Structure formats: C-alpha cells, structure tokens
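Shown here is one chain on its own, the form predicted alone, set out as structure tokens.
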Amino acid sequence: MLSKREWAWGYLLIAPMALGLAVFYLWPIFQTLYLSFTESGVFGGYTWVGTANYADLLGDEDMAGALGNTLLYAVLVLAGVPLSIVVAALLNVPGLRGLSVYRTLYFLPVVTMPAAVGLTWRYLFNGDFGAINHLLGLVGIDGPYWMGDPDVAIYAIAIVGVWSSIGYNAVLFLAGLQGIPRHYYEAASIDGAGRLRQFFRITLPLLTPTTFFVVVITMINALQVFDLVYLMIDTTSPALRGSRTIVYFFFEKAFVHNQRGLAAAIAVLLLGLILVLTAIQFRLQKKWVHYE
C-alpha cells in the first residue's frame, strides 16, 4: 500500500506530462468541438449556429468528393504494405552484403522534407518533360498528364505516398522479423519446407502483430494527407477536383474562405472517421492477428 507521500511524488512526476497533454492536446480538441457549432465573423468573433455546419457538410458535393478521394488514397497506400513486408524480408536475409546501405536508402524518404519530396515528384510526373513519361515513351506508352488529369492525379499522389512510407514500414517489419525465433525456421527446414513455404507458414503469421500496427498507423496517416496534394497540385488545376482530400478541404475552408466554424466541423468529422475505422480494425484484428 502506497503512502500519501509516495502518491504525492507520483502525481508530481507526471504533472509536467499531464499538463502538456491537457494544454496541447485535450484543450484544442474541446475548443475545436465548440467551434464546430459556431460561425466565424469577418472581423472576428463567433456566433452559435448549432448543427448547421454539419448539415451543410452533409449536403456539400465537395465534401463528398473529398471524402471519396481520401478513402481511395488510403486504400491505395495500404496496398503498399505488402511491398514493405517484401522489402523487410529481403533486408533480413542472413549474410546480405551492404545491408546498412540498403537500409539507409530505403529509410531516406522518411527523413526527407515533404516539400522536397512533393516538388521532386511533381517534376517527375510532369506530362510534358517529366522523367516518368519519358521512360514510358521508350516502351511505346503515351503517358498521361499526371498532375492535370482529375482521373489520374490521386493515383500519382498515392504512388508518392507508398514510396514515402516503405522505408518506415520496412524498419518496423524488420524489427518484427528479427523477433521471430530462428529455431522455427530450422525445424521447418528439417521437415523439408522451402523458403517460400516458410515465409507464408511462419513469417507472415508471426508477423501479424507488426502488420496490424503498421496498417493502423498507415491508415491514420493516409486519412490526414495534405502536403503532397498541396505541393503537387496547382490550385487552378482541374485535377484538384479529383485529388482534394478532407484535410485539404479543411485548409480551404479555414484559411482561404475564412469559414473557421465549418472547418472545425470538418476536423471533428475526420476525427470521428479515424476513430470509427480504427475501432473496426481493432475489432477485426482478433480474427487474424496471432500474438503467440
């Protein structure tokens, strides 16, 4: 049984962390929730409008389009998770020469500034003189205007998203792979199982806890994508209609049109979407994640 003095020291030690959490996380959440029920004035001040902002968003075609684009982007980026597993498995091959160099190269996009990533890929995807269309032309394929076509732009952005996330996810998967006991593979080899069968029968099942974590984190990050859209798509481009995401829509309402109450409602809806999808994943993980 702890004494009052020990309880006091415990609360004192966690006080700085609790204060920072309350000021920088909890208070902004409650403030945003309050602002979502208000309308901002031209010269400042807020007027209570109830659920009018949410009603406007439910009937807004741009909001529906942004939601669809965001979900499509998230699905496309999540499709790159298996690629991260393959990369991690290749980097985990015993005796691989230059392993540290490969790990550095794959992790380099993670530490690169988003502005540099977006602008570089924007140049590569240029429809007139971009390197990607040039390479496609060498094999007889007429590449599209990636950043100008509303039906193609979101896929180009998703390619960059997958490329940017492979390194971080591969490091997580690599840590998971190194936590798998080697005697499982030795026993499987004695029984005649090849590398491919070991991968599907041993590696993937024992890697499911890491896979679950990566899927959840990747999904949350994908639902909040903004920088790639902002940097790669011009505000006057027709492709913006097919690549506008929820966070970009929030940016437009808050900082371009000065509709802060409506922007706060968008943020609350995005938070709710993330919570619902994350709860569903935690519910479903009981059916496919193996912790033993």
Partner chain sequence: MSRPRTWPAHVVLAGGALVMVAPFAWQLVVSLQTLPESLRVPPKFTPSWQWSNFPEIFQTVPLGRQFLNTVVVTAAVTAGQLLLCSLAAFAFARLRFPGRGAIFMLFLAVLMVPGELFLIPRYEIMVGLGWLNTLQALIAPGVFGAFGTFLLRQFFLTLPRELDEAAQLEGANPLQIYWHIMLPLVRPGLLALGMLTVMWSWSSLLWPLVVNTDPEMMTLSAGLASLRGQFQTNFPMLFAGSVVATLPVIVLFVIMQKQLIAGIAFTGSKG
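Positions refer to the first chain, counted from 1. Just so we're clear, the structure is a prediction, and the values are computed from it rather than from any experiment. Take the two forms, superpose them, and find the largest set of C-alpha atoms that agree within 1.5 Å; that set is the rigid core.
Missing here is the form predicted in complex with the partner chain; even so, the following discussion is about that form.
When the partner chain is considered in the predicted complex, residue 80 lies well away from it, no heavy atom lying within 4.5 Å. In the predicted complex, at least one heavy atom of residue 121 sits within 4.5 Å of a heavy atom of the partner chain. At least one heavy atom of residue 28 is located within 4.5 Å of the partner chain in the predicted complex. The partner chain in the predicted complex comes within 4.5 Å of no heavy atom belonging to residue 48.
Site annotation in the predicted complex: the residue of 264, 239, 67, 57 reaching within 4.5 Å of the partner chain with a heavy atom is 264. Using a 4.5 Å cut-off to the partner chain in the predicted complex, each of 116, 130 and 172 places a heavy atom inside that distance. Look at 199 to 207, 180 to 188, 70 to 78, 103 to 111: in the predicted complex, residues with non-hydrogen atoms within 4.5 angstroms of the partner chain sit in 103 to 111. Residues of 247 to 266 lying near the partner chain in the predicted complex, listed in sequence order, are 247, 250, 251, 254, 255, 260, 263, 264, the criterion being any heavy atom within 4.5 Å. With a cut-off of 2 Å and the rigid core superposed, residue 15 has a Cα displacement that reaches or exceeds the cut-off between this form and the one not shown. In this overlay on the rigid core, residue 24 has a C-alpha that sits 2 Å or more away from its partner position between this form and the one not shown.
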